[in-house]
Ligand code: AKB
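The form predicted alone is given below as one chain in structure tokens.
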């Protein structure tokens, strides 16, 4: 198995919620010119554009990926490009094309070039109604009810296949809902947990698209970025799992999040008007067991609901008030 020193890193989906902040942290750690950010059509921020190289590619069109891989001598890929759960239900064929056909292109290019390592994110969307919803085990039933979830199960299996069949070092995390004060989410079922902060700061009110009692696993972006890079930097010999690590730092209901925000903004008002995303949320875990990640590569989150809420409101308050 290839263990070459990292030459250059490619981040697909670098304009997205996780990809944008991941790219900046990777550039901070490895050097701006060592990390190529890519997107399909969304214009990158000035910070992303000015801090290092950026190219437009489409992972579903293999030639566009191969071109930048060759030009920048790419050795490691973080494949963050994806169609998320809510958009995936509206456009299931697009979801499959990007999340599976695009992933296949990435893995094939990495295999042919004997790349050092590939990161393929998964999601709690791999779980379904038949999965235990409380303290969901690492190894359990995977029967999702969304196209996004189906593609993520396939992605985990495909990544493990490339690891076992071709000795390609593929790794992945089942992300919970990710909360960020930098980049807005892009069409996921947990978007309410981000939107609520922006609306609390700007308008003092929010209409939530899931029920007040809806509880889901969540994670603050600094923990998300730390966990992702920590996994990628872990010695392979320590890992028993590869593409499917459960990961979380907290679980809370929409009502609990509202209450925590009200501790800082007493006049904040939240209404609850569930839409089609409620059914998706109801098929996902309320909390998950991430002991495998803690045991195999030392995962330990730094934020809980109170500290995350305080930091979110502090950062957004400085920006908008």
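Predicted, not measured: the structure shown is a model, and the values here were computed from it. Numbering follows the first chain given and starts at 1.
Heads up, the form predicted in complex with the named molecule isn't pictured, but that's what we're talking about next.
Trainee: The named molecule in the model of the complex: within 4.5 Å of a heavy atom of each of 172, 248 and 299?
Mentor: The answer is no; none of 172, 248 and 299 reaches the named molecule.
Trainee: Counting only heavy atoms and a 4.5 Å cutoff, which of 223-231, 237-245, 77-85, 132-140 contacts the named molecule in the model of the complex?
Mentor: Looking at the other structure, the answer is 77-85.
Trainee: Consider the chain as shown here, without its partner, and state which of 159, 176, 144, 102 has a heavy atom within 4.5 Å of the named molecule in the model of the complex.
Mentor: Exactly one residue meets the criterion: 176.
Trainee: Considering the named molecule in the model of the complex, which of 124, 219, 118, 210 comes within 4.5 Å of it through any heavy atom?
Mentor: Checking each option against the named molecule in the model of the complex, the one that comes within 4.5 Å is 124.
Trainee: How about residue 148: is it within 4.5 Å of the named molecule in the model of the complex, going by heavy atoms?
Mentor: Yes - in the model of the complex, heavy atoms of residue 148 and the named molecule come within 4.5 Å of each other.
Trainee: Report yes if any heavy atom of residue 188 sits within 4.5 Å of a heavy atom of the named molecule in the model of the complex; otherwise report no.
Mentor: Taking the distances in the model of the complex, the answer for residue 188 is yes, it comes within 4.5 Å of the named molecule.
Trainee: Taking the named molecule in the model of the complex, which residues along 241-261 bring a heavy atom to within 4.5 Å of it?
Mentor: The stretch 241-261, when checked against the named molecule in the model of the complex, contributes no residue at the 4.5 Å heavy-atom cut-off.
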